[in-house]
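Starting off, we have a lone chain in the form predicted alone, written out as structure tokens.
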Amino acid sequence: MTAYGLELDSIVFAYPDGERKTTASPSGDRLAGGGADTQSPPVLDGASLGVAPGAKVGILGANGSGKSTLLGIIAGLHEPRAGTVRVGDILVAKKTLKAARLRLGFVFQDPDDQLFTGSVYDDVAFGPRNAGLSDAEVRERVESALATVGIPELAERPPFRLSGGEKRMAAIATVLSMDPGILVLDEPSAALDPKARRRLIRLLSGLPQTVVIATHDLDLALDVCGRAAILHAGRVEAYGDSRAVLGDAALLERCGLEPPLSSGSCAICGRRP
């Protein structure tokens, strides 16, 4: 596995009128374009971001700021009206989309969008099988991915019999089995209980891949991501060290965000963590 860098330059994107949300597709086909004749106002209007190989970056912002849209552009699910995306040394375009996607694993916000076969094993094996790997190679990829996320005992379990946290780990395993250099996750801690959330944080913190996370969970961003980017008014309003960015109260207020819970003082003793 090679960790790749990521470069987004002056991205502009608007949804066609009435098509603000996109339905996920396990096939990874592009689902919405940025060049329709009739469009809503731009969701992204000149957004730029550079991610170094192996870095962990949190994409933050208020509702409607374009976090999920930006991830969709990174993954090739949306085509920007203007601007460029590079995955490592690949300039993402129609001709290079397949090669770029081989370097990148996308984890949807809802695990049920990613788990669609009769067993966890078959879901995790889906990508390697479609890549033409041998049965032995597929089994090795599946066992490694399930061991990495800590659920090897669930290989034969039907996805509908998994807990929310188990589904999340299985969904991550489906992309790890393809050995991507970049892992992109949309709201990975959504609907997780505290134990499952801590398990997710430990997993993401230990991965060698470049990791990009769109999240409302600012404390998770602090725990996992060394760098944070805040989207506001279609652009990257701030990008830098996570603690510096999330410690800027004026910036957070301007962008419609509350400070992370961990940055507040204790209600009992008044001390800050």
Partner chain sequence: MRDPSRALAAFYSIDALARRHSPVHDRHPVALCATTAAFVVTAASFGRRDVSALLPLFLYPFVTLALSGLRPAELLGRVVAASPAILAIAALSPIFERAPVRVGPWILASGWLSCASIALKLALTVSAAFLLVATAGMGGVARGLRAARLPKLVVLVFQMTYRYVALLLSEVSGMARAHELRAGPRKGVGKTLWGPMLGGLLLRSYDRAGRVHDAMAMRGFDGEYRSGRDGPFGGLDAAYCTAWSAFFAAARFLDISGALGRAAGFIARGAAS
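The structure displayed is predicted, hence computed values, not measured ones. Positions refer to the first chain, counted from 1.
Keep in mind the form predicted together with its partner chain is missing from the figure; the text below concerns it.
Of the stretches 140-148, 194-202, 117-125, 81-89, only 117-125 has residues with a heavy atom within 4.5 Å of its partner chain in the model of the complex. Checking 166, 113, 179, 187 against its partner chain in the model of the complex, a heavy atom within 4.5 Å turns up for just one residue: 113. Residue 161 belongs to the set of residues with a heavy atom inside 4.5 Å of its partner chain in the model of the complex. In the model of the complex, at least one heavy atom of residue 98 sits within 4.5 Å of a heavy atom of its partner chain. Interface membership of residue 183, defined by any non-hydrogen atom within 4.5 Å of its partner chain in the model of the complex, is ruled out. Applying a 4.5 Å heavy atom cutoff to its partner chain in the model of the complex picks out no residue from 181-206.
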